[in-house]
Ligand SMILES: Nc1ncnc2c1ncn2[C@@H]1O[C@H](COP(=O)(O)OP(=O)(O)OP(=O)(O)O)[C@@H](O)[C@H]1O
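As C-alpha cells, one chain now follows by itself in the form predicted alone.
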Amino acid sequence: MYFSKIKIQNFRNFENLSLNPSPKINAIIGMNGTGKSSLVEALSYLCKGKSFRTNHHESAIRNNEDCFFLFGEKEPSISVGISRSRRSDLIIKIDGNSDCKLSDLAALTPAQIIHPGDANILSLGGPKSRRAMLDWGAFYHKKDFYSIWQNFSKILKQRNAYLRKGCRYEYLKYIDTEFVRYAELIKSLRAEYLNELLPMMTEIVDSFLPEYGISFEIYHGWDKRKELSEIMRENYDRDKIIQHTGYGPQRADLKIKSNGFLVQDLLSRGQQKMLITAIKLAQGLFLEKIFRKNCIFIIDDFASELDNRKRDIFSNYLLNIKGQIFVTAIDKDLVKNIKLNDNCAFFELKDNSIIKESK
C-alpha cells in the first residue's frame, strides 16, 4: 500500500501543496527553510496521526488560519484525511469514516520515520523513546499487544488514582492482581518480538557499526529476580508518597550495550544516529519479511551524520525495500547513491512550494 496523491493545506508554512508521489522512491530536494521537514511532518500525520517534532497539534496550523487539512490517497483505493482546528481535537477520516482512532491509522500504514532528532533518542530521549521503538514492532507483530496494553493502561490509571487518594493497600489488592497479569503478558510479548527481530537487527547494526559488537536487552520495569506482585506490595508506601506506580511495563527500557557499557556513554552523536537508523531499518524490513506488509520509510535529511561509506550502506538497504520511500536532502547529489531511475520521483522545494517535479 502506498500514497499515490498527497494534499497539504494550511500546515506550517504550506498554504496549498499537492504531489503525486512514486510508489517507490521520492526525493524531496531544497535548501534549509524551504519546507522539507514540514512535508515530512505532514507525512508523519498521514501515517501515524501525530508529529515527530511536537505534541502540540495546534502549533502545526499555519499562521492566521483556523485549521490544517491533510489528505492522502492510497493504492488500492483508500483515502486518509487528517484535520485539526485550534478549537477541536484531531480528526482522522479513513474512507470518509470520521470515527477513527490513532490505532486504526497506524494499523493501515506502518511507517518508520528517520530524522536528525534520532541522534537524541539514546542520550536525551530516555526510556520512553526506546520503549516506543520496541512497542512499534510489538504492535504489528503481536496480535493482542495493543488491546493488552490498553487494558493495562486503564488498570495503571486506576491504581495511580487510588495512590493519590492515599487509600490503604487492601483497596489495591484486586487492582494489583490485574496489574501483574497484564504486566506479565506485555513482558512476554515484548521479549518474543525482540528475540524474533534480533538476528536481522544485529546484522544491520553490525553493517553500520561493525567495531562495537552491540547487544540488546529489555529491562521490563522491575527486578527480574523477584515477583512483580511482591515488588508492588513492598513498594506501596513509596508509591503512595510519590503518587504514582514506580514499577511495571510502563517503566520498561531497551538497554543497548557494547562490551557491557550503555552505548550512549560510548558512541558519538553521529554514531548514535546511525544505530537508531539501523534499528528502524531492521524493524521495517522485518515487517516486510514476516507479514509481507510494506513499511513506508520517511527519511528527513538523508545525509545527516552519515559519511560516504555509511551513506552507501544506507542506500543499498533502501534499494531493497519493497515499500514506498520519501527522502529529503539539500542537494540532489546527496541522494545519488539511491540511483534515481524510472521508478523514482524528484521534487524540488523553494519557499514552501514545489518548483520542479520530474519522474
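Numbers for residues come from their place in the sequence shown, where the first is 1. Everything numeric here is computed off the predicted structure, so don't read it as measured data.
Note that the form predicted together with the ligand isn't included here; everything after this is about it.
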The single option of Asn20, Asn343, Asn16, Asn13 touching the ligand in the predicted bound form, heavy atom within 4.5 Å: Asn13
Option touching the ligand, based on a heavy atom within 4.5 Å in the predicted bound form, out of Asn320, Asn55, Asn63, Asn308: Asn63
Option from 287 to 295, 43 to 51, 312 to 320, 26 to 34 whose residues, in the predicted bound form, bring a heavy atom within 4.5 Å of the ligand: 26 to 34
All of Ser38, Ser59 and Ile330 within 4.5 Å of the ligand in the predicted bound form, heavy atom check: yes
Residues within stretch 125 to 162 having a non-hydrogen atom within 4.5 Å of the ligand in the predicted bound form: none
